[in-house]
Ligand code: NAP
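To begin, one chain is listed below as structure tokens, in the form predicted alone.
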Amino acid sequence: MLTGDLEDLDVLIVGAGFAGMYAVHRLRGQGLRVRAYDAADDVGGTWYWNRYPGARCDIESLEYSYSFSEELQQDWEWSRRFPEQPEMLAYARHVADRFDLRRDIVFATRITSVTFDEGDGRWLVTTDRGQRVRARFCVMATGCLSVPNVPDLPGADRFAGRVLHTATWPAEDVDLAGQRVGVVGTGASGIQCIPLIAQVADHLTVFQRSANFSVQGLNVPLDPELARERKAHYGEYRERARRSFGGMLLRQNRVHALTASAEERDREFSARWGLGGFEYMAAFDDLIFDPAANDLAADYVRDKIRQIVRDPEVAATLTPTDHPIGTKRICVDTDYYDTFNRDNVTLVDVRRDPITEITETGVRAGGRVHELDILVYATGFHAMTGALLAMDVRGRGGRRLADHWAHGPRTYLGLGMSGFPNLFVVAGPGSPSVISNAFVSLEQHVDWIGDCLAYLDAHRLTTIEADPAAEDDWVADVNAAAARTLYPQANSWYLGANIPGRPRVFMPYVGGVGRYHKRCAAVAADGYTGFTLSA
């Protein structure tokens, strides 16, 4: 209903990606007045915006999908082992149509401020279109990879050619044929788009700051028999994923690399390389915990790079030596390393030859201007916190979320924050989030939130808020879990290291999806211990 010009909701949801879509469906099904807002023109979230050549998921399609509807997962047919962007967007649109979600989503609208009114215990929300909304609860389904990171390079506004970013790629076709293209960045998006751009460009210049480990993807058409078998036992497979470390059905070898013989290790690494995808890091049980074991896995991939790339100097530049394998999200590619054998591809090591400026005609690095027609930034995101901090979020006493997170993000279970009652984050910092299969994590969070709101109403309670002590303890638990692994040894976006001036705090929870789910369930079963509930 409307109160003057103020729309009144039970739940306001920020974002219409897969988390926001499920939140609309689940919470609306509980009889709540729900509305979601998204800056895009349609559903899909990151799969709406990331349309660059080669964009695809690195988790297998039969797992990177919703489980809440048996009919949906039985009816939808995936075409490939790893879904590509057009298919992911088609899936999102299908879900929106099937469950009539768009009637409760406002598109092309960005939330600008979210302020808690202590007078009536509701959130007052404004949009960039001047709309004003009041809601009892806010659910931040803003996505972990949704705010592009654009490097601040001298002269960037002088370039006379076309400038693109992989995270905001145009919906219309971009004609790269016959062009001199520069790609800045060799993370996941760069590794995916570089091989395809090289096939059509007159010349491709790749500017690499950090070499990343990548394993072959083997993105083959999906085996119909595998799909039939999975669908016949989907419930069992989904439950196994929820109990796993990363929410994925990897064939984890419980043997330690250091107890295996050299022949056994080589055989296992070779088999995992042949399987493709994240299976490689499941070759042995100690790869992410033991530096010596990790070195063995890393050396195998380094040898592969030297075997594939014919020029020894180029191979050396592409070989990662500054972080343990898997401590940055390992990339999954199709012909990435082989692309550097092409005559029309040049690799520039910007650690040795830094980019000093963007000129009207190209990029100056190491004293040389690389002439370009098109400049592509494949420089990733303000991960995990960027979208939340882009809004002016203010809790009790007008405290800004930016101040609460001044020294790094602080949450309880990645779901709530002290001083911000009735505000929930889906797959936020302090949860398995980007370490896990996103669908497993977002469904678990939305279900937890839905159950929590039902509990509050059943017990005639109006607010729920994380206790400061519980938040402190959880931050300590997240740090302790990370410290037991090799993850903190990499300057990764898990730590916010890709954003200059950002606090270096390890953001996701790496204690395992199964363990995390048990903790969340125990908190709820105990009457939401660690939260303050009030009437």
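Computed from a prediction, not measured in an experiment: that's the story for all the values here. Note that residue numbering begins at 1 and tracks the sequence as displayed.
The same protein also exists as the form predicted in complex with this ligand; that form is not shown, yet it is the one meant from here on.
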| query | finding |
| --- | --- |
| Contact flag, C57 vs this ligand in the predicted bound form, heavy atom cut 4.5 Å | yes |
| Any non-hydrogen atom of R399 within 4.5 angstroms of this ligand in the predicted bound form | no |
| This ligand contact in the predicted bound form: R351, any heavy atom under 4.5 Å | yes |
| Non-hydrogen atom contact R242 with this ligand in the predicted bound form at 4.5 angstroms | no |
| Of Q444, T205, T186, N219, the one that lies within 4.5 Å of this ligand in the predicted bound form (heavy atoms) | T186 |
| Candidate from W474, Y48, Y487, W493 lying within 4.5 Å of this ligand in the predicted bound form - any heavy atom | W493 |
| Which of 306-314, 360-368, 147-155, 221-229 lines the interface with this ligand in the predicted bound form (heavy atom within 4.5 Å) | 147-155 |
| Sequence-ordered residues of 372-400 touching this ligand in the predicted bound form, heavy atom within 4.5 Å | A378, T379, G380, F381 |
